[in-house]
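Read the single chain below, which is given as structure tokens and is the form predicted alone.
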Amino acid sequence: MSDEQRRKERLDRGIKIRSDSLYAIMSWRELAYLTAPRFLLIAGILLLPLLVPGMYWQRVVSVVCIYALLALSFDLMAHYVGLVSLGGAFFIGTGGYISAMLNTSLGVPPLLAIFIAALLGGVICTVLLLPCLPLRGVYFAIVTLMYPLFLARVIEALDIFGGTDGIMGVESFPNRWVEQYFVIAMVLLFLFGLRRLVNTDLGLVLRAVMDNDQAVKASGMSVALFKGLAVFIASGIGCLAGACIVHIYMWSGISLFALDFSILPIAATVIGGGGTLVGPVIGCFILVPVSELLREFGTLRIVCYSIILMAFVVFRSEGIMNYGRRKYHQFERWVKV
């Protein structure tokens, strides 16, 4: 067949109707076009523990998932509510200490302790952050950054919750496969759960709060209520991540309030693409392993780390996910005229 009888056509032609979230599926090919990226993401994450070599890198996979939960928490608050939070370490420490105390003092099994710590930690973090909800931008970010620093110094000065030694003897997961697939399941659950949430009526209200909270007030809705709900969801996810990490390392201490838990999820969101939810997860799966590989450089690790971040910010400021999604929808094929 000659070139005159054929022309190029985008793969998504005829699929999207009126909006990006409404589709008309006409064939298995179009269904595969829409579901293939999701299937590859899910399959890749589930197969990762089986593919990585050695127990060290399998543990790194678990740590990546911990940071991915924090990145989801940050992305929800920053890009759907307008609250830029630096409190990742606050959530991690709160959830970690609660789960450790439940397990060591009350004998609660690890999996049950994790879920209790997520709920209870979410409530505690939300109550402590309620006075700060009227703040926005850098002011809210500074306040959330102060919480982990304050709590770490209080624990150290008053010698409570184990002081500088921390809480020892925390029970671990039954085995490493339960550990890895539990945290992986939590990442996938919250990833697709939050994607569903932000496309519901509640998600529309949260975005309205971010864009114009005065209009939300004029509609008779409580801005503080919706902000508090978003903070509870985000802090609950972060506390669950903190509860998981204490059962991975079988120890809880003031290092849970380290600023790495606040900074790295933000960097992962910048690399992956903010406002996409899946972008921050992909950013964590890139950034954390790279960080581990750079340990061989010693003090130059921070230099290499900074160069990588600057390169992404300068050359791919939109993030990997936004760039990849745009390119994916630009694929073309030859069709008959």
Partner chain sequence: MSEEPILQVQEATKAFGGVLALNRVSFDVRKGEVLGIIGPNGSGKTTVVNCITGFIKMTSGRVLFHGKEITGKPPHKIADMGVTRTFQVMRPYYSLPAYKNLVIPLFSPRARRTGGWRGGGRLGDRNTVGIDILEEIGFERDSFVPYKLASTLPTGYLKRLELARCLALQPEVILCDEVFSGLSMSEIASMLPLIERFQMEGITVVMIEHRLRELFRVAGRIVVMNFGEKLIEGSPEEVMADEKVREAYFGSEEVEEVMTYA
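The model shown is predicted, which means the values in this text are computed figures rather than measured ones. Residue numbers count along the first chain shown, from 1.
Just so you know, the form predicted in complex with its partner chain exists too; it's not on screen, but the next bit is about it.
- Interface membership of D211, defined by any non-hydrogen atom within 4.5 Å of its partner chain in the model of the complex, is confirmed.
- Although the partner is absent from this view, F226 contacts its partner chain in the model of the complex, with a non-hydrogen atom inside 4.5 angstroms.
- Using a 4.5 angstroms threshold between heavy atoms, R196 stays clear of its partner chain in the model of the complex.
- Among residues of the shown chain, V178 is not one whose heavy atoms approach its partner chain to within 4.5 Å in the model of the complex.
- Contact with its partner chain in the model of the complex, judged by any heavy atom within 4.5 Å, is made by just one of M250, M221, I116, I124: M221.
- Of the listed positions (L112, M168, L189, L204), a single one reaches within 4.5 angstroms of its partner chain by any non-hydrogen atom in the model of the complex, namely L204.
- Only one of 170 to 178, 234 to 242, 211 to 219, 255 to 263 lies within 4.5 Å of its partner chain in the model of the complex by heavy atoms, and it is 211 to 219.
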